[in-house]
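Shown here is one chain on its own, the form predicted alone, set out as structure tokens.
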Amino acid sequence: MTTPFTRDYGQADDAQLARWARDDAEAFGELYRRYVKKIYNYVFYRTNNHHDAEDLTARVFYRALAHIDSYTDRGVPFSAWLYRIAHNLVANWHRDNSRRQIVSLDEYIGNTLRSEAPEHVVEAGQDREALLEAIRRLPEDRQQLLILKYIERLPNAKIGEIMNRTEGAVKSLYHRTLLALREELAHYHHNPDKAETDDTSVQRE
């Protein structure tokens, strides 16, 4: 499709591209190039399956394109809109497949959580598998928060836009999550045999 004037897609911001994308496929293509890897990573860490992650990522962008006319930048950036679409599709995927929401976080733990989280949560010598299992038992919103913060490396304000929470609420949820993980790991090290079978300690906080 031709445009009435030359458009600099690479320099345009997301909001401008979204407006153009209503009748300009190249504009949507630029949005796709900017966010396909981030959306794929987010979906993969929620599904633990490359094939399903590829399929769901494609569906995120199909849905975004189908509804691009309805998108307006009213305090919700285009990227947050995409993450919300991805979140909803992943939630439907889990429900349709009757699967637990398990996050593949091996790389996440090895490369980010151990080095970046406060020392009182993840200390040298703590068992890696215990931490992985504790994260897998977190409620969905807390798993989502950790992925956005450590995998996507988003600031709290951006996470709030995606999760439809205030920045203060995100900070509060994050601190409660770290406290829950600390309690779970302390419980594990005092009672390693019991911790292997206790599937509720993180969820009840």
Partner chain sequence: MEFVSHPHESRIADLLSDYADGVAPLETLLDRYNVSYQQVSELVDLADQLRSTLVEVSPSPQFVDGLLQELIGEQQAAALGWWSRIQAMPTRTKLAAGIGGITLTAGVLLITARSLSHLLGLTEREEAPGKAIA
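Positions refer to the first chain, counted from 1. Between two forms, the rigid core is defined as the largest C-alpha subset superposing within 1.5 Å. The model shown is predicted, which means the values in this text are computed figures rather than measured ones.
Unshown form predicted together with its partner chain; subsequent notes refer to it.
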Any non-hydrogen atom of H67 within 4.5 angstroms of its partner chain in the predicted complex: no
N41: heavy atom within 4.5 Å of its partner chain in the predicted complex? yes
Does any heavy atom of M163 come within 4.5 Å of a heavy atom of its partner chain in the predicted complex? no
Is K171 close to its partner chain in the predicted complex, meaning a heavy atom pair under 4.5 Å apart or at it? yes
Within 4.5 Å of its partner chain in the predicted complex, do we find a heavy atom from each of N48, R84 and A91? no
In sequence order, the residues of 11 to 25 that place a heavy atom within 4.5 Å of its partner chain in the predicted complex are A21, R22, D23, D24, A25
Exceeds or equals 2 Å, Cα of R182 between the shown form and the other one, core fit: yes
